[in-house]
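In what follows, one protein chain appears twice in different forms, each by itself as structure tokens: structure 1 and structure 2.
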Structure 1
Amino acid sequence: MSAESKSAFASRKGWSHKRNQLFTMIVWAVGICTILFICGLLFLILQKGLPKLSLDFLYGLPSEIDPGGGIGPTLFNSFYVLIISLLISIPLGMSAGIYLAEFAPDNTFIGFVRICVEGLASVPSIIFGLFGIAIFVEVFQVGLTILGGAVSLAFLNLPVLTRVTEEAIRAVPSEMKNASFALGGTHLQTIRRVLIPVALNGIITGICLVAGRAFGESAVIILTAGVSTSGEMWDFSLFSPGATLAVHLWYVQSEAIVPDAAEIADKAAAVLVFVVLLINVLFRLPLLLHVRRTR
């Protein structure tokens, strides 16, 4: 249709036509260039780092003086902190979301609660870091630990999970809910058997988003879990210092003194990007396929 309008007025309004064409060209150029540029940067990271990866690097201990250090403990910490933080934030966030979507009466107080959730979601991550320091280092005096990092990270994730759950459950068609009630289901049964399964797609997408964010989060971890690791693999202690891969990338790039810091940073960045992409693709792909099949 747009093509039609173009040709119809082309002869009469030459300037307008030219401007239109110019605009189209600019939009195409900017759109394509920007997206290619950003994707190119990511590709560059992956291409610089991935080919050089080896098992030794992924599994190895970080070194501070000699070349050849690995990222084993930091990679492990990344997942460990991520899992603990999700274990804390998923149940809390989901039940808060279910409350807002299902139980909450529609009054000013609940409106206020919603603003709180949104407000919390927009709080800069470094504030959660400061909060974590105040709680774990100043009050409980446990120092910089995996536990402190994970809990602070969970707080960071909580509001996002709450909102995602609320929205996903609200999006469930009311016919489904009514059908469940009509069959004699209680509210809890309805939520468990109908609402959550139907909303699962949205919730998992939300968890993915949060997991990716938590995996790459650095400011919170630097403040609450430190920039060092306990220096050994598979250290499950909750009270070890817990630098994650993202922190290690920053540390290696700007502070470390190993001669091969640049190479380690390249590889660490590639692993970081790769894992984040993997989390997103792995979790979403089955869901996407599933949606296609059921349609």
Structure 2
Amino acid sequence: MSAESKSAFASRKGWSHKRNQLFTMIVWAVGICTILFICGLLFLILQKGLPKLSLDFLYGLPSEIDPGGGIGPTLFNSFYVLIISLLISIPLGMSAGIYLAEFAPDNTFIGFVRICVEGLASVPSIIFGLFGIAIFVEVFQVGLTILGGAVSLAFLNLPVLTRVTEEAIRAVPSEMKNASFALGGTHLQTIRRVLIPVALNGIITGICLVAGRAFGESAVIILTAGVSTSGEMWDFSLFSPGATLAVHLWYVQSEAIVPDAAEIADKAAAVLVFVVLLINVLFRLPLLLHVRRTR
């Protein structure tokens, strides 16, 4: 290699190294700014509401006129609707995702189904609320109830869980699947003992996303469960009005006439953000336990 060739090669290598450093610095800067923005936003919301929280506020009944109302029934409805919706959407979404990843034939119809699922995952939530009205209010005529809100939220979560499960299963290396078959495992045993445990991280991430979205959802609940509660703290009836904490926050900010509406909104927003963060932590615990057991 001549001296000129060596010089040109060194020049290109130096320029590539500089571009790599520049790109790394840009990524670091954007990432740090994004994290700081998110942390600042969370701090702003929690700082306004958390210091003012009390047990009376968490367990108290909402007030329409007098100051000092609580969020007890709406907070209970939020968890109640969330649990019911997850009990419906998780088994159905995981089953559909496993079918598309492992059993569905690779043809035009299944490709069309995948496009439809992806499209439904990006549909605005108010469309699912209108669908819930058509089903539960007009067809079955059960009115605005917890049942209607929970099932509508399950419909909202199904496309996301289906796609997340399918992609997580497909991401498992084929060598692990073939090794299971080589050891005499059936297809069901391979799915239960190899594919799902390996894909558990992605699946739980999807569950966290849909759980947080469902807990903070308001449009679907307003249209299918209403903006009021039964007035009881522990009302397990599926046919009671099902206003959740997110709906109560919207109502306080837009319609309420109580003099301390701004303070109630700050505290309710802090509780909402804190619970969403807590949900993500709780759903991650099974994954951490699974990793420790495998070690």
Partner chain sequence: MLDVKASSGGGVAGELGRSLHTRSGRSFDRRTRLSFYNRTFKVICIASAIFVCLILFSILFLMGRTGMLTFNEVSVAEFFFSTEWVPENEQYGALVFISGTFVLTALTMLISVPISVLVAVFLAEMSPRWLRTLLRPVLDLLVGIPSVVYGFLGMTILIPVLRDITGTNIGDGLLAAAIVLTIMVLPTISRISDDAITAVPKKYRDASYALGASRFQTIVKVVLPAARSGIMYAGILGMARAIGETMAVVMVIGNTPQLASALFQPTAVLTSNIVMQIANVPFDSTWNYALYMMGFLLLLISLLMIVAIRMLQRKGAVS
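Quantities reported herein were computed from a predicted structural model and do not represent experimental measurements. Between two forms, the rigid core is defined as the largest C-alpha subset superposing within 1.5 Å. Quick note, the numbers are simply positions in structure 1, starting from 1.
Enquirer: Return 1 or 2 according to which structure is the form predicted in complex with the partner chain.
Expert: Looking at both copies of the chain, structure 1 is the one that matches the description.
Enquirer: Does the C-alpha of Thr34 move 2 Å or more between structures 1 and 2 once the rigid core is lined up?
Expert: Thr34: C-alpha displaced by 2 Å or more between structures 1 and 2.
Enquirer: When the larger rigid part is held fixed by a C-alpha fit, how many degrees does the smaller part turn between structures 1 and 2?
Expert: Between the forms, the smaller part turns 23 degrees against the larger.
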